[in-house]
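Only one chain is included here, represented as structure tokens and corresponding to the form predicted on its own.
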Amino acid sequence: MKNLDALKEVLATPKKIVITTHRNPDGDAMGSSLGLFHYLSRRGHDATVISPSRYPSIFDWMPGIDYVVVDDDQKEKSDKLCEEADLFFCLDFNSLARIDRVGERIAESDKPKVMIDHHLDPDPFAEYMYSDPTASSTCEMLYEFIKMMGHKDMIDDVIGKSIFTGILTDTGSFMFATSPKLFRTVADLHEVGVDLTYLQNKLFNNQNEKQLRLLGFCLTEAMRMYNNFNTGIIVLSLHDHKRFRIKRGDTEGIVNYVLKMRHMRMAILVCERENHVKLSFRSKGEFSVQEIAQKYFKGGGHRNASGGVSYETLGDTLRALKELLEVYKEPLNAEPDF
């Protein structure tokens, strides 16, 4: 990590610290933020987590979640915290543009910033930078960060649950981005009392009837197959959002069902919103959806899991996707590497 010794000195005395993560936070974003919150609080710091937008209700069980400040709902409190902060921790994103209004407040501050993130091509906005694109998740990096600080013994069941949450969600329950090092980390978390079955039930067996009916609709009516390109696209219109009263987190994981078919190499979830179209990309093997999201849809992420946005109409967005299938036809039709 860049400037680790200097950061140890900064954290040697109590500070007012703002921890923030990307908009529309997922398990890795919330897990790393809350894990760091507990760690810093135990060290005597006045730490607060600011999320640019509301987190999905699936994370309501997480220890410390009630202390999270949601910028969309608490702008004045969020601004005050940023104004008074002595230090900022930026987790699971690598550009202040990813956090909208909160990013503007942080950019305006002359106080130091710490970035811990595993995405490619980070912007050099932080004085203290820990970037590792080979890591499975920011939560895996947080575990290493606490070890670097010399406080591995502080990782208990509470911090461990947060860290394990991000690892589970970002690896798709150990389907992506795994390594021997990651499993050694997971073994350590088991040893401090983290219950994998408990987390699996909280994260993956905690849906309501509406979410299951939405999944059924997506697979039976909203899924469009492009077998010539080994690709499936699920499309949800504004009408569908209103029909199913879709809220943040309701579509989590749905795109992955397309990849359960053996020959599928790419899956895309297309969600029409009031002023834009949100896209979630998934892939198998060496085929990179990160390139597509970054190059064509102002997004990014990882090789097998990325997101983007289109400001065209839903129809124009779908036509653009079909044109891209032709562009990537050769790698999509290559022999499976999985």
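All figures in this text were calculated on a predicted structure; none of them were measured in a lab. One rule holds for the numbers: they count along the sequence shown, beginning at 1.
The same protein also has a form predicted in complex with a small molecule, omitted here; what follows describes it.
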What stretch, of 295-303, 30-38, 61-69, 43-51, brings heavy atoms to within 4.5 Å of the small molecule in the predicted complex? 295-303
With the cut-off set at 4.5 Å between non-hydrogen atoms, does Ser283 touch the small molecule in the predicted complex? no
Although the partner isn't part of this model, could you tell me whether His241 comes within 4.5 Å of the small molecule in the predicted complex, counting any heavy atom of the residue? no
How about Lys111: is it within 4.5 Å of the small molecule in the predicted complex, going by heavy atoms? no
The small molecule contact in the predicted complex: His119, any heavy atom under 4.5 Å: yes
